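Okay, so here's just one chain, in structure tokens, the form predicted on its own.
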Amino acid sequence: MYVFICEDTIDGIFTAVYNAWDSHLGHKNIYILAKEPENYELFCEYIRVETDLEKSKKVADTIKRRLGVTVYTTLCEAIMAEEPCPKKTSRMNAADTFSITKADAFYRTLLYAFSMENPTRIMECLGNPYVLYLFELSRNVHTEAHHLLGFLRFQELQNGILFAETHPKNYVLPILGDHFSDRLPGENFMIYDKNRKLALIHRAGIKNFLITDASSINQEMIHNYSASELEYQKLWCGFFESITIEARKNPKLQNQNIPKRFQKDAVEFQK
């Protein structure tokens, strides 16, 4: 068995798929892993993959051309997911000792799709455990991103930048960036993923955005709010309290409408 180890990114996994396909080692002899293995298996050769943007683009172009943009988007969302505990599966072109991972499931899904008469319908084949696994990961990412589009709170800093802090389970910054750069094209804003120490930065008047490492972000600066922001926070919290009906408080229903893990980033719950 040949195990290709790559970065846990879209470009990293796309590069690993390109290298695995180009290796001619036999699809049933290949396993792709997007992280260092916890335990090294006997009789396996481990091949480390360096991310190559050109190879990644070739894989992306092939998927869009043969499977369609909708399937491409779904697969990318699955790769952006934070992977749960390894999931065992029956032997399907891989050794029984290996578990389903999103990187290998992505590779197997492409193999299955390219063997179909109509590969654009690959995500409907939920009887295939690899397709089902990617479908579930994509749904988790899409659901969390949808929640954050409504729950994200921007706060104006003293330097005029709109700042939002979030703690997502999955890597949803690209989805948030696409949405808010379209909704707020004239604003300088930053969305900080505290779990991954990454920041999405958008400059006013520019369509694109940048995602960069923010492990050394100035904590004092991002909590230094403008005077008008503090006033609006006070007004908003006052409104939140004034519409509360004591006799009809229902914490369980409230936690269903806005899960607890999102509440710590909402102004009205902080106060």
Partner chain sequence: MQIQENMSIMEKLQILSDAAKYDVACTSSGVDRKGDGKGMGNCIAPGICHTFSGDGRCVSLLKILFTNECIFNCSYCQNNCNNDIPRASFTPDEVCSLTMEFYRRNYIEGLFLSSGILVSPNYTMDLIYQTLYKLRVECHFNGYIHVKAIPGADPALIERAGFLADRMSINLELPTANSLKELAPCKSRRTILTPMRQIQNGIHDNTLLLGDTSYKGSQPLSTKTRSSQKFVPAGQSTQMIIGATPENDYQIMSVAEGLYQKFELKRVFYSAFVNVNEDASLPVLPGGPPLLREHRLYQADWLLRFYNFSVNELLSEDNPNFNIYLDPKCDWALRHLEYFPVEINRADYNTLLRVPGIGAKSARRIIQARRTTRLDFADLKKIGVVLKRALYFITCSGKMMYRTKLDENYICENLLRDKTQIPKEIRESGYKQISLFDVGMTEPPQPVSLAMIT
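Positions refer to the first chain, counted from 1. Rigid core (definition): largest C-alpha set, two forms, superposition within 1.5 Å. Since the model is a prediction, treat every value here as computed from it, not as a measurement.
We do not show the form predicted together with its partner chain, though everything after this point is about it.
Asks: Of Ser215, Ser228, Thr212, Asn218, which one comes within 4.5 Å of its partner chain in the model of the complex, counting heavy atoms only?
Replies: Flagged contact: Ser228.
Asks: Since the chain is shown here on its own, which stretch among 154-162, 69-77, 100-108, 167-175 would lie within 4.5 Å of its partner chain in the model of the complex, judged by heavy atoms?
Replies: Checking each option against the 4.5 Å cut-off leaves 154-162.
Asks: Is every one of Leu126, Asp182 and Val267 within 4.5 Å of its partner chain in the model of the complex, counting heavy atoms?
Replies: The answer is yes: all three residues contact the partner (heavy atom, 4.5 Å cut-off).
Asks: Report yes if any heavy atom of Tyr46 sits within 4.5 Å of a heavy atom of its partner chain in the model of the complex; otherwise report no.
Replies: Looking in the model of the complex, residue contacts with its partner chain do not include Tyr46, since no heavy atom lies within 4.5 Å.
Asks: Examine Thr9 and determine whether its closest non-hydrogen atom to its partner chain in the model of the complex is within 4.5 angstroms.
Replies: Contact with its partner chain, no.
Asks: Taking its partner chain as it sits in the model of the complex, is Leu149 in contact with it (heavy atom to heavy atom, 4.5 Å or less)?
Replies: The answer is yes: Leu149 has a heavy atom within 4.5 Å of its partner chain.
Asks: In the model of the complex, does Ile258 have a heavy atom within 4.5 Å of its partner chain?
Replies: Within the cut-off, so yes.
Asks: Out of 228-248, which residues reach within 4.5 Å of its partner chain in the model of the complex, heavy atoms considered?
Replies: If the 4.5 Å heavy-atom criterion is applied to its partner chain in the model of the complex, 228-248 yields Ser228, Glu229, Tyr232, Gln233, Lys234, Leu235, Trp236, Gly238, Phe239, Phe240, Ser242, Ile243, Thr244, Ile245, Ala247, Arg248.
Asks: Does Tyr46 move its CA by 2 angstroms or more between the shown form and the other one when the core is aligned?
Replies: After core superposition, the displacement of the Tyr46 C-alpha between the shown form and the other one stays below 2 Å, so no.
Asks: After superposition on the rigid core, does the Cα atom of Gly238 shift by at least 2 Å between the shown form and the other one?
Replies: Shift of 2 Å or more: yes.
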